[in-house]
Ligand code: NAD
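Okay, here we've got a single chain as structure tokens, the form predicted on its own, with questions on binding and movement later.
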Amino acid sequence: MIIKPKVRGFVCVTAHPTGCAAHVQEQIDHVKAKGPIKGGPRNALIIGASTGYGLASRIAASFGSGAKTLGVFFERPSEDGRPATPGWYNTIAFTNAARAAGNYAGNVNGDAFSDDIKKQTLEMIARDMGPIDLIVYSLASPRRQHPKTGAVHKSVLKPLGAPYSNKTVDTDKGIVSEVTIEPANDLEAADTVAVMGGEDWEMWVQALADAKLLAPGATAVAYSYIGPSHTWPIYKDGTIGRAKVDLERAARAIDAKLKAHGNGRAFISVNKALVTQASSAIPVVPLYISILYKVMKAKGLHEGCGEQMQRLFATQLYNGHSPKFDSEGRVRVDDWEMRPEIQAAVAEIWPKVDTENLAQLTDIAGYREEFLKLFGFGLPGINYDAEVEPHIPLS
């Protein structure tokens, strides 16, 4: 079939298998060009491994350090007349490339919150890999069925305490407008913590420990975001922020567990704002990213997921380096984004942006380009008018 992008709101409902493979290869090529990451992981478990920072972490571990990797994700295969999700095609491309390079790549597709998927994962680790020395937790899910209570929790993107109004942009239509978001109630806030907080990360680490599949000195890392003050009401100080506070609580608890198990470590890595499927859904944030890309590209400081994770692995986790923590015990690879001169330039542009000058004052074109690349579109060297086979099995 011929596959074209079909964008509905903040999601593209189609994905191109050849384009997704090319996007994955771009990240692989970057990691390989940067050279080996010495002292890196040998057996890495990536929970949320099919897109974004999770996929980039898997690439850095496999192609930077030659690690065996096992990815856990929840993706949909193709159906009659409908291509698979981009994460499905990404995983196939990564798996083929890793195995061609002689690196083990195992995959578990299903609900990472469930006890059954944890059990399947542990069995595969025991059979194929050996004790895990790197656990990356990078889930971005809108809902979670609790494995013990059976309750279904749904996350919301809302402020806390009072309504929040600010500029936002319809990235598809290029219209800048004012958005007002009503605050979450107590149940919505608690549900968001249940989905996006740290409990499930703790369950994964405990399951590995109980199965005696944690290597001495293991590293566990989860990803977070803080950003500038204009996004705080909807992010840092909103429902997501409350969940991230719980994620940091979990990091401290896991850190204590791993330190007692062969001097391991656990922490949060605060990463840069990037175009991802998750960030596209958050009001206000796409406009901020469009301005940020303009400023950081002009300064030669722009990074994508692949560059961010290669830098995290090569300068903070391995290669003879130790993590550099902020006052809250977090690693900051958003350091380039949060440079005072970068944020000052963003703050200067923010009040001036409207629909008429959006293309001049921001990198909305770059935002759209990165958004479509998430789904395999807009990659160079690919004939998007040609027939392509959408039905590709996941080995």
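This structure is a prediction, so every number in the text was calculated from the model and none was measured. When you see a residue number, it is the position in the sequence shown, counting from 1.
Separately, the form predicted in complex with the named molecule exists; it is not shown, and the next lines address it.
By the 4.5 Å heavy atom rule, the three marked residues Phe73, Gly110 and Ala278 all count as contacting the named molecule in the model of the complex. In the model of the complex, the named molecule stays beyond 4.5 Å of every heavy atom belonging to Leu157.
Contact annotation for Ser138: at least one heavy atom lies within 4.5 Å of the named molecule in the model of the complex.
When contacts are judged by a 4.5 Å heavy atom cut-off, Leu134 does not count as touching the named molecule in the model of the complex. Lys118 falls outside the set of residues with a heavy atom inside 4.5 Å of the named molecule in the model of the complex. Only one segment in the set 22-30, 340-348, 353-361, 47-55 has any non-hydrogen atom within 4.5 angstroms of the named molecule in the model of the complex, and it is 47-55. For the options Val221, Ala218, Ile234, Met196, the residue carrying a heavy atom within 4.5 angstroms of the named molecule in the model of the complex is Met196. The listed set Thr239, Gln310, Asn271, Ser290 contains one residue whose heavy atoms approach the named molecule in the model of the complex to within 4.5 Å, identified as Asn271.
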